[in-house]
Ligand code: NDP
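Okay, here we've got a single chain as structure tokens, the form predicted on its own, with questions on binding and movement later.
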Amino acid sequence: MAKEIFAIFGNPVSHSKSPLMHNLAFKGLKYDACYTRYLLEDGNRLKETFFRLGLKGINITVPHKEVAFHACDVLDDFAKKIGVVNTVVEREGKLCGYNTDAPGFLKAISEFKDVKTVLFLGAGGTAQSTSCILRDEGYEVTLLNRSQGRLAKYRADGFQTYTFETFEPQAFDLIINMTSAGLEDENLPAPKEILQHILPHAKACIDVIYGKETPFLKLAKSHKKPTKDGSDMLLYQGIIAFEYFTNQRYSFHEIKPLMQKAFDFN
């Protein structure tokens, strides 16, 4: 039995590449730990499940990132600001929460130059963290979501928001699917007629889903747009999470080549 056990909590979670990434890094660095996945259907049982399984740390994926925020005893400043947690580490019996999605995402989109305006399709936990860090870095972020409910917090924070019914087509440099549309189906993250209006004006399109060409990315490519899936974002947020898991024992550059090997597997 490994000294420390880590996991990813989510629903769905069977597709996650995180166990492979982290286990490759643990093995390569000779760190006595293992990482698994756990299908968590009821987010309200996150804390109870964490301790029942005897875990040292977890990553959290959809739809539990906001619930994870409330399950933590201690939060870092950025997590406090955004209200979303995707990495939790147990220290002295307390759950300490962090967000590695946002810095990972910022690093992943840095290859796209001359980007000023960004449209998020969806307004869930990942959008919550990344909208704040992008705005802090000087990007103008607009959110488009199916319904008004999730948009209230963003409007209160000063973001421009629209529903499918109220959307006014305009030009955006970068269009990003922040939803799970296309993960286990062939759905688009927004009505096709809206996407057909805005895609021709975009400089690039990103989908946070990784490991498959989603309907959104296919549509973007049909408009001859540069595209990127969520692999780099996953890799970079995973490296940052691993740094928390191991209490900063290893550097980003030590971890990256080991985790990168996970993307060589089909």
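What you see is a predicted model, and the numbers here were worked out from it, not measured in a lab. We number the residues from 1 along the sequence you see.
The form predicted together with this ligand is left out here; the points below concern that form.
**Student:** Can residue 150 be called a contact residue for this ligand in the model of the complex at 4.5 Å between heavy atoms?
**Tutor:** Contact with this ligand, yes.
**Student:** Give a yes or no for residue 124: in the model of the complex, does one of its heavy atoms lie within 4.5 Å of a heavy atom belonging to this ligand?
**Tutor:** Yes - in the model of the complex, heavy atoms of residue 124 and this ligand come within 4.5 Å of each other.
**Student:** Looking in the model of the complex, any heavy atom of residue 233 within 4.5 Å of this ligand?
**Tutor:** Yes - in the model of the complex, heavy atoms of residue 233 and this ligand come within 4.5 Å of each other.
**Student:** Any of the heavy atoms of residue 180 lying within 4.5 Å of this ligand in the model of the complex?
**Tutor:** Residue-level check for residue 180: yes, a contact with this ligand.
**Student:** Considering 188, 75, 109, 194, which brings a non-hydrogen atom within 4.5 Å of this ligand in the model of the complex?
**Tutor:** The residue in contact is 188.
**Student:** Which among 220-228, 34-42, 203-211, 50-58 is in contact with this ligand in the model of the complex, heavy atoms within 4.5 angstroms?
**Tutor:** In the other structure, the partner sits against 203-211.
**Student:** In the model of the complex, does every one of 62, 65 and 146 come within 4.5 Å of this ligand, counting any heavy atom?
**Tutor:** Yes, because 62, 65 and 146 each have a heavy atom that approaches this ligand to within 4.5 Å in the model of the complex.
**Student:** May I ask you to list the residues of 3-25 that have any heavy atom within 4.5 angstroms of this ligand in the model of the complex, in sequence order?
**Tutor:** Heavy-atom contacts to this ligand in the model of the complex: nothing from 3-25.
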